[in-house]
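Just the one chain here, laid out as structure tokens, in the form predicted alone.
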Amino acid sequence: MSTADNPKEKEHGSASLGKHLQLFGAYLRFNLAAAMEYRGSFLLQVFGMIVNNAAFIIFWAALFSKVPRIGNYGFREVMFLWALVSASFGLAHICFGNIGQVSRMILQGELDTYLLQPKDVCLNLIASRSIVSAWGDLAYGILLFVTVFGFEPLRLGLFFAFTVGSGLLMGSVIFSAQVLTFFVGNSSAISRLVTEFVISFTLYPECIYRGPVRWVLYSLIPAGFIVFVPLRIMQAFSWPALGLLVGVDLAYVCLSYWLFRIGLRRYESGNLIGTRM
């Protein structure tokens, strides 16, 4: 089934922003309520993720006890990277839990159900699921930041703003890699590789990267805009730098959305019968 001339698609695109925000809020409430249905399992997954992430603090503390600084990075700067990456990754997968499943859903023809609903297909698809363990990532990131940098309101507010922007940027990159399935076939392996690169590049001091790798950090795998630029703004606030960061975040979000809409024209139904309530 081709979707290019589907009148319902045009109707979805013209739906109001308010209604889509209501849909997004409803999905958040529903997914959280579904997770809390099994409260013991939910708390165990959240606590387990926090403990898993916290283990790396020991490694960095031991390293900086021997080497005071790595370039212009000390223990606090590295902990900022870990706090922001963890919180951003968690927020992205709480709000858009299906971003890592899009490739499989395209191949199995599972988009049919979303195409028949009077909402934007992209938002409806990625927001309809939440990853329970991602709450642990988000909680860990916030706790780590507060532990290292304290409760100063302005700095904490800036961290929350960075978490939203970096979460959108990280989610857009992963989602774009998944959407490549429309064009090249199964892109699950590419998506896993991109996700690993994004996480790995963002967890280490920027000064260890040299040459062409730095170009990659600010383009294909925008780790620089996920953590390094926010760190520089946190250290020395600048409105132009903040404006640039917001512009880059929005550009990647728009690019991933555009890629999905273009790819959707290639989608073929799997004739899968299913219902969504």
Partner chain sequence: MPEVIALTLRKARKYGLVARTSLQNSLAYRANFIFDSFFYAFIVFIFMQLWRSIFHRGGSIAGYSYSQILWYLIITEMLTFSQSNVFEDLNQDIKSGNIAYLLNKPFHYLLYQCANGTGPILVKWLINGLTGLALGSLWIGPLAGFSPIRLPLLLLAMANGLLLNFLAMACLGLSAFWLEENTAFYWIYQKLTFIVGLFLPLEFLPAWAQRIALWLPFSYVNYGPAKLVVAFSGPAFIRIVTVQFLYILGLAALAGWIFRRGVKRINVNGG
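Numbering follows the first chain given and starts at 1. It should be emphasised that the depicted structure is a prediction, and the values quoted were computed from it without experimental measurement.
Not pictured, yet referred to below: the form predicted in complex with the partner chain.
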item	value
Interface stretch in the predicted complex with the partner chain - options 27-35, 222-230, 247-255, 63-71, non-hydrogen atom within 4.5 Å	63-71
Contact residue in the predicted complex, from 107, 116, 189, 146 (heavy atom within 4.5 Å of the partner chain)	189
4.5 Å heavy atom contact, residue 238 to the partner chain in the predicted complex	no
Residue 133: touches the partner chain in the predicted complex, heavy atom cutoff 4.5 angstroms	yes
4.5 Å heavy atom contact, residue 182 and the partner chain in the predicted complex	no
Partner contact for residue 196 in the predicted complex: the partner chain, 4.5 angstroms, heavy atom	yes
In the predicted complex, residues of 209-240 near the partner chain [heavy atom within 4.5 Å]	209, 210, 213
